[in-house]
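First, one chain by itself in structure tokens, the form predicted alone.
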């Protein structure tokens, strides 16, 4: 791609410095991206990048997918938004499709992952309010969003620094540690909330034993089990939910169903939408006036989400990204122990590589100079989050770019 002469990268960066709140840690030399197609993006200078960040696990179908562009145009010409005081067919249809893929229950629609997680916590507290249950146990190293409620829920102290007093009622225990959860439970416990795979924490999967143990323990104690599937869900691992993949790999099929599952990111493929599936226990807890959002489940957002589901199903992208993920892990694994490459873990389109000997931010910049975009996580991990339609050739290209940095 030729340089875009109408865009001055230095001026764009300067405008950010003048007019955009500096709440994101951008490199001073981060590219000014102007166009994308599939798994690739181009900056204003015409430099091409292989995008294995996917907008932090958002762009599940890559960039500029023609069918998504078409449905946005069509729906935009018909109906974009109406109040949730009325009905519209797209929300009903999307709710039906998501319930069908998850289990008996109902959907609540919102705009982001943090909002979805807030809704889960509110529902669990509402259910437990009659018994004085309001406490929620989460995992150390977890990430659930950046609202005041969700920084309190997240098991990372750094997220709460400077924002106190924090919302009370959250306790943190080590991830994948059933005994710690059991010890933390008490008469005030309303819910346990965990990620199937800790994303921001460093691509750390839950074990099958942990998930099954949590479900058994919470049922016995009358406590809700909430799954934060914002990043690891919606076919990111190759299955609709990451817990399905984790249990399947362990030889455990069926029999696991949480009380609520939060969704966002890949649900809209770049268009903002969040959702919560509430199982039968929580499905009718949030009655009129107890929770709402102006933009939740708009006709346009639901139309896009429905088209994404259709494309994934028609093109078999769940099984495809599972296969591409294994190919990526195998290729990166062969580089393990060389240069900065450490442990490789994850499933499908959610692969993490620990960085040894250097900072992960430094390595991410080096990879960008080689034309590969990835996303730092935790203190020492890089996330490889390709679109589900990524090709074997593109995966091999990414592995070569990693090798070039060694």
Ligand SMILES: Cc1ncc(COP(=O)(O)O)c(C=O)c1O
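Positions refer to the first chain, counted from 1. A quick note: this is a predicted structure, and the numbers were derived from the prediction, not measured.
There is another form of the same protein, the form predicted together with the ligand; it is not shown, and what comes next is about it.
Engineer: Is it true that 322, 347 and 385, all three, sit within 4.5 Å of the ligand in the predicted bound form, judged by heavy atoms?
Structural biologist: Verified in the predicted bound form; spot residues all out of contact, no.
Engineer: Select from the listed residues 269, 297, 258, 145 the one whose heavy atoms reach within 4.5 Å of the ligand in the predicted bound form.
Structural biologist: That would be 145.
Engineer: Of these, 91, 231, 189, 241, which has a heavy atom no more than 4.5 Å from the ligand in the predicted bound form?
Structural biologist: Exactly one listed residue reaches within 4.5 Å, namely 231.
Engineer: Does the ligand come within 4.5 Å of any heavy atom of residue 112 in the predicted bound form?
Structural biologist: Output for residue 112 is yes: heavy atoms within 4.5 Å of the ligand.
Engineer: Could you tell me if residue 236 has a non-hydrogen atom within 4.5 Å of the ligand in the predicted bound form?
Structural biologist: Flag for residue 236 set to no.
Engineer: Since only the chain is shown here, I'm wondering whether residue 117 would be in contact with the ligand in the predicted bound form (any heavy atom pair within 4.5 Å).
Structural biologist: Yes, contact at 4.5 Å.
Engineer: May I ask you to check whether residue 135 falls inside a 4.5 Å heavy atom distance of the ligand in the predicted bound form?
Structural biologist: No - in the predicted bound form, heavy atoms of residue 135 and the ligand never come within 4.5 Å of each other.
Engineer: Tell me which stretch of 206-214, 164-172, 312-320, 136-144 has a heavy atom within 4.5 angstroms of the ligand in the predicted bound form.
Structural biologist: One stretch meets the cut-off, namely 136-144.
Engineer: For the stretch 240-269, which residues lie within 4.5 Å of the ligand in the predicted bound form by non-hydrogen atom distance?
Structural biologist: Contacts from 240-269: just 265.
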